[in-house]
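First, one chain by itself in structure tokens, the form predicted on its own.
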């Protein structure tokens, strides 16, 4: 394959798979986890993707592709992918799968593995950090608080990060957020 063909494939969203990227044991690891037991039953019919509400509005998110990459053993490529994080966890894919593959559970497993490996998109790190700091997913700008006061709205309830700290005790979330130097 010449250089022009390679660049053409990359432009079309296709990436060349190298044998060194494959982890043949990965799919079996997933089948040993709760929710991943039926991974190998997927025959790539595409029902999960055709019914997925996120896939309708995203050019990159395809549950079928994530399942296939898992079956092929493209562990690093999947765990590093920000596309993985687009799943809305609506379970439409799982409900519609003719083979009974729990697609949403497999994606959850993959997200959990990505977190353990330290591959968390910056936006999710920011949300988690905010939750740990103030009990809310988003920081409320001071300007918004002042505007609420000016128009006579009651103050927003205070977050309770201390309770969250108790709940999350033992879940080294801060360490996970600091992994990979991001």
Partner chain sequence: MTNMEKNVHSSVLVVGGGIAGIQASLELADLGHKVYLLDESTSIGGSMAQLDKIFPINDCSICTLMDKLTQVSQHPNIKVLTNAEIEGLQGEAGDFEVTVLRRARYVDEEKCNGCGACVEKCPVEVPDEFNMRLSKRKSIYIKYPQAFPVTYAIDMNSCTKCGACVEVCEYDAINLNETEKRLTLKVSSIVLALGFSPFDPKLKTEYGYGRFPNVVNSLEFERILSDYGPYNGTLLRPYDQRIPRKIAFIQCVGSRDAQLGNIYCSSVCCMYAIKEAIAAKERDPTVQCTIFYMDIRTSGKDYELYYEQAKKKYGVRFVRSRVASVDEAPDTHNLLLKYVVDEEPRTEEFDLVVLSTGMCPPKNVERLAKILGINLNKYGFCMTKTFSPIETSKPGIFVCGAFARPKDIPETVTQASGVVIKTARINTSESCKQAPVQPQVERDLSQEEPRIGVFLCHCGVNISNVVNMNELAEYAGKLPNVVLVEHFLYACSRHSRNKIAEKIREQGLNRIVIGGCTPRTHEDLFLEVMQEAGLNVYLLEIANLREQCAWTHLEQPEKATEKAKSLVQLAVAKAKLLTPVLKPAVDVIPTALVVGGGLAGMTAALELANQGFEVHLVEKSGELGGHLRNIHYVLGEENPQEELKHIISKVSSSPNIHVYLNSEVVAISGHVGNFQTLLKHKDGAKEIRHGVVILATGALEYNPTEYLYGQSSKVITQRELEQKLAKGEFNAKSVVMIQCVGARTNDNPNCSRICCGHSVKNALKIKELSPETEVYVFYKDIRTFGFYEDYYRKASEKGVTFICYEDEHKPSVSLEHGELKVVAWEPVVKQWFSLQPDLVVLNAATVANTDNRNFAEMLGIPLTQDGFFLETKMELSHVDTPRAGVFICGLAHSPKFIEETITQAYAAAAHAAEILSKSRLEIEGTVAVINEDLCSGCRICENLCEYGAIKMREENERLVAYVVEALCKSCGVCGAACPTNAINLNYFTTEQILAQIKAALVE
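Residue numbers count along the first chain shown, from 1. Note that this is a predicted model, so its numbers are computed, not measured.
The same protein has a further form, the form predicted together with the partner chain, not shown here; the description that follows concerns it.
- Put simply, residue 80 is far from the partner chain in the predicted complex: not one heavy atom of it is within 4.5 Å.
- By the criterion of a heavy atom within 4.5 Å, residue 146 is excluded from the residues contacting the partner chain in the predicted complex.
- Under a 4.5 angstroms non-hydrogen atom cutoff, the partner chain in the predicted complex lacks residue 118 among its neighbouring residues.
- Taking the partner from the other structure, the partner chain in the predicted complex has no heavy atom within 4.5 Å of any heavy atom of residue 29.
- Contacts to the partner chain in the predicted complex (heavy atom within 4.5 Å) from stretch 65 to 104: 65, 68, 69, 72, 74, 77, 94, 95, 96, 97, 98, 99, 100.
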